[in-house]
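Only one chain is given next, in structure tokens, and it is the form predicted on its own.
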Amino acid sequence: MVGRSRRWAWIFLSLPLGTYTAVVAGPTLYSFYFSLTDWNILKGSHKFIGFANFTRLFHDSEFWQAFTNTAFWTVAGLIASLVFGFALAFGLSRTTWGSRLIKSMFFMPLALSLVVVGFIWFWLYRLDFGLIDMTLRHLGFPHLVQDWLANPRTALPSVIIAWTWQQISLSMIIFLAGLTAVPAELFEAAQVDGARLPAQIRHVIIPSIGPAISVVISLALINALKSFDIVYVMTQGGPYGKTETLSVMTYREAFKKYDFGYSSATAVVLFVMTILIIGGYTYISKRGSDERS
């Protein structure tokens, strides 16, 4: 009976495992292989060159610029998702009048794709008739008016703000779900003990929404590391590579320079970086939960 159940289990798993192998595992292994080759699609052939692409990569200033941008994006996006997402969720959870309408308004960015979000913020940042610069002129701050996406100092923060606008909506929804599961008795006990709001947040709410925090951190890290579409729509990595992430660099090397071997090496570095960060966080989170239990 057990053997028959196992056979049926493998029969049902065969289709999703086969699809996963063909769509995910196979291309990933191919990327590892091509990262060790000199494969230029215009030449029509490739040859094995070992780790030459990685040696070239680690001496490439454009790679380190993209690596730094990706790291900065990841840290900034993580902090914004946690702080602003929680602040919105906590405020909405304590609001009764018009809460549904307000929640719907903050949820709207999540219904848009990042391409649409990129186009919306691209027009908001326009120097000539963008809403941001028009508002600054109207309020009497013409010295603050600038081309936000063309200025090397403001381009990356501007794109991150546009991405965060949607990411915060996702974090807010997750935190709201976590806050609804916090027992009301805990708040009542904290109030009886004389705990103020900051103490309630620190000692009651945060420990109670640990799973929600873990989900928000995981999604923020993954979404930040793979950021491509919104960058490409808004700046295509410019100006001067100041907004180029590892994903954008991978695309540029493959489909603009047709250097698929070098592009695969960049993709492998991003893949390893993602596995280390997500895997490290998962290990630390699991170890902390085991120690608390």
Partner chain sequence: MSVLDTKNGRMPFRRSDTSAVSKGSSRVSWLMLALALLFLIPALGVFLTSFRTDTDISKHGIWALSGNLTVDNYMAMWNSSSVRIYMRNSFLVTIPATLISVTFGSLSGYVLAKLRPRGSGFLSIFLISGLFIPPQILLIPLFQLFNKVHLYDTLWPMIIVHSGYGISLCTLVMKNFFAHVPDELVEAALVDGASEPRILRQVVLPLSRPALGALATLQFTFIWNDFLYPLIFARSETAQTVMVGILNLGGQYSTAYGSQAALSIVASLPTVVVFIIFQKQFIAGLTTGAVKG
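Positions refer to the first chain, counted from 1. On a predicted model such as this, the values are computed, not experimentally measured, just so you know.
There is another form of the same protein, the form predicted together with its partner chain; it is not shown, and what comes next is about it.
Trainee: Does any heavy atom of Y251 come within 4.5 Å of a heavy atom of its partner chain in the predicted complex?
Mentor: Output for Y251 is yes: heavy atoms within 4.5 Å of its partner chain.
Trainee: Residue-level question: is T74 within 4.5 Å of its partner chain in the predicted complex, judged on heavy atoms?
Mentor: Judged by the heavy-atom cut-off of 4.5 Å, T74 is well away from its partner chain in the predicted complex.
Trainee: May I ask you to state whether T154 is within 4.5 Å of its partner chain in the predicted complex, using heavy atom distances?
Mentor: No, T154 is distant from the partner.
Trainee: Applying a 4.5 Å heavy atom distance criterion, does R100 contact its partner chain in the predicted complex?
Mentor: The answer is yes: R100 has a heavy atom within 4.5 Å of its partner chain.
Trainee: Using a 4.5 Å heavy atom cutoff, which residues in 109-139 contact its partner chain in the predicted complex? It's fine if the answer is none.
Mentor: Counting only heavy atoms within 4.5 Å of its partner chain in the predicted complex, the contacting residues of 109-139 are P109, L110, A111, L112, S113, V115, V116, F119, I120, W121, F122, W123, L124, R126, F129, G130, L131, M134.
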